[in-house]
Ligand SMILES: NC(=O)c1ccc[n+]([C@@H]2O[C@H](COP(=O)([O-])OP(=O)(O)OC[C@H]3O[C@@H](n4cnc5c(N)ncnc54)[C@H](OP(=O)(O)O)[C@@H]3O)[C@@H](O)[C@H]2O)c1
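Next up: just one chain, as structure tokens, the form predicted alone.
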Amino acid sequence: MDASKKIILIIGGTGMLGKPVAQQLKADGFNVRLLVRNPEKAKKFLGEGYELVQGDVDNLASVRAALTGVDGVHISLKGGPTEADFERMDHFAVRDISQIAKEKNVGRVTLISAYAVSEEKADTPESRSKVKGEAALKFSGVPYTIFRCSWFMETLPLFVQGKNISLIGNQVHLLHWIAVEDYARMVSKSYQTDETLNKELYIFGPEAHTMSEAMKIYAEHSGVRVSPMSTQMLAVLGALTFNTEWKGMSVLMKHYEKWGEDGSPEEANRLLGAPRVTLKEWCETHC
């Protein structure tokens, strides 16, 4: 797909993983449209040069308006922490957007997903909703590309509380940490070739580290210390304090105690260019 005069809609374009995609698409010459709840706030956050349509995924009229006349749509939504919220965002919203995109003959839908998304591994509300969302996208008949991403480097600061970074659970699996700038470049590149259509592409960074190793690297650059915590302890704390985020995090990290990466990034790297940013390089820039 030639970037010139093409319009790409991003749903979730003000989020941590959506904003860099919007910026990269714009830098590569695409016209970028975003569905946002508050256009004035989004304009201050994103800057000039974006077309903003007011609405959200619960308002299908606004979704239809945003999808009118676009060449592609990138879905970058975050569900949770409750099971109902995961279903609403990761399943029903993806289903509705895909169906409307098909009705309007949109050229492609791209979707961010996770490496541990399969029927076999659907043992949490989030993973079950993502499995159903991927299935709904494929069932719609619209051309698609699904990005099954490993852990993002940008998530590491989210584990920091004060002077500690919390290592939750027994995280033994090697993970190819990915920088969001590499991911954004790959998403944009996918809109410049038809070879990525109707594929699930695994997006893995250039190096593998366990979560413990990654947090130690982050700690060395940011001055925090790694503080281990069991998933059971976090669940208890969440229950005692009625903190749904903590309870949800304990479920998520227990899931990743069990499941490591599968799939191969070879096809994604061949089609979109391999990620380049290492965790140490990212820390030197961002910590």
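The numbering used is simple: start at 1 and walk along the sequence shown. The model shown is predicted, which means the values in this text are computed figures rather than measured ones.
Although it is not shown, the form predicted together with the named molecule is what the next lines describe.
Interface membership of Glu261, defined by any non-hydrogen atom within 4.5 Å of the named molecule in the model of the complex, is ruled out. In the model of the complex, at least one heavy atom of Met16 sits within 4.5 Å of a heavy atom of the named molecule. At a distance threshold of 4.5 angstroms between non-hydrogen atoms, Thr155 is in contact with the named molecule in the model of the complex. Taking non-hydrogen atoms only, Arg37 approaches the named molecule to within 4.5 angstroms in the model of the complex. Residue in contact with the named molecule in the model of the complex (any heavy atom within 4.5 Å), chosen from Val142, Ala136, Ile112, Met215: Ile112. In summary, among the residues Ala184, Ile146, Leu77, Ile100, the only one with a non-hydrogen atom within 4.5 Å of the named molecule in the model of the complex is Leu77. Segments offered: 101 to 109, 81 to 89, 168 to 176, 185 to 193. Contacting the named molecule in the model of the complex at heavy atom distances within 4.5 Å is 81 to 89. Scanning 114 to 133 for heavy atoms within 4.5 Å of the named molecule in the model of the complex gives Ala114, Glu126, Lys130 in sequence order.
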